[in-house]
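Consider the single chain below, provided in structure tokens and representing the form predicted alone.
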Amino acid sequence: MKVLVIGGGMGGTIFANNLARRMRKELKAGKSSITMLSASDQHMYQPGLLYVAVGKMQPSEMYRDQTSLLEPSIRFEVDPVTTFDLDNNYVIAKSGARYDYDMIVIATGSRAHAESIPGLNEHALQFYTEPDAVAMYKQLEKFEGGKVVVAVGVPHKCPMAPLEITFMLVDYFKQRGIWEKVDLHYTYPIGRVHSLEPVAKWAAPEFERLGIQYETFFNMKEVTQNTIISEEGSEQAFDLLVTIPAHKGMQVIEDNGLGVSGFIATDRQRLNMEGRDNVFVLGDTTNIPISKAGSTAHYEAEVLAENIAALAESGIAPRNYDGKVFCFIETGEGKASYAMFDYQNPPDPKAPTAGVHWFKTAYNKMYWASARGLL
């Protein structure tokens, strides 16, 4: 059986490693193969960008060679796909090479799309790429006080990112000794401060305790040099604008007509592309209405690896993905909380503690073992 993995992020990497260990004998005997195609030979720890943006991490700490994270039996090629032919079970890559498969797993991820709001890309700081995160930190270092607006679009990668960057900005301004000179505002597009109601009920009092003002039902429409305007007609003037923009799937998914806005219609339990029995989708690439988080990709990857190994052996997939997600929430003041939930059980964030913050900080280092599928 030929398994083709498109994308070398967390989902694709954990899946490929897990499957390689489950199919060790078949791979060694040459009866099966696993090939991964990626756009880069480097693997980025994407949650690190949040820390880079406030000077808590250096960019070099976020990267490892992708080959160092993969089981030796996995063939790895830096050769991003340009064309998918799902009817005939092959893809064409940038090099012109053709890769055939029996099973394909698409884990291409998502991207911030500030361009969808006129003026947002030009006038707002963001942190979803290394250059953007570095630029944000440089601008923060120059800031001496004024009104800061955190403006959020949906959907976006990392469900807790809007809350985390807001709390981390409070810490940053306090550490610089300018918090008293800062007027911090937060906007969110629906009628509460987070899409998950239990998280919103926990976060709003935290905002109020810290003196963070917030406005809900604020859907970004356009941005001028110092004002952000909502579809609802509200305006927020700013001296510094930080955004978590709405995300889209990767352009190659749109170009091949595989999904609306780059998100592929995916069965939420079996993780196959709707209407396709040998096409599977992981992580941010799915249209499953659940958080786009690293842990989502992690848990999906484990389920899918077990299922594909079982399909190769017996033709029966034994597990369903239950929607499990686990997210840390950095809350500032040397503390953190977390949210754990699935399709049946909503999150229930607890009071932040120093212990959870310590564990989150430790996980920043342990991530590489997680990518190997060892945690």
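This is a predicted model, so every value here is computed, not measured. All residue numbers are counted from 1 along the displayed sequence.
The protein also exists as the form predicted in complex with a small molecule; that form is not presented, and the subsequent description refers to it.
At a distance threshold of 4.5 angstroms between non-hydrogen atoms, V54 is out of contact with the small molecule in the predicted complex.
The small molecule in the predicted complex comes within 4.5 Å of a heavy atom belonging to C158. Interface residue remark: G262 is not counted as part of the site for the small molecule in the predicted complex, having no heavy atom within 4.5 Å. In the predicted complex, the small molecule sits within 4.5 Å of a heavy atom belonging to Y128. Of the residues T243, T166, T108, T187, just one reaches the small molecule in the predicted complex with a heavy atom at 4.5 Å or closer; this is T108. Of the residues M136, A200, V252, V279, just one reaches the small molecule in the predicted complex with a heavy atom at 4.5 Å or closer; this is V252.
Judged by heavy atoms within 4.5 Å of the small molecule in the predicted complex, the contact stretch among the candidates 218-226, 288-296, 172-180, 137-145 is 288-296.
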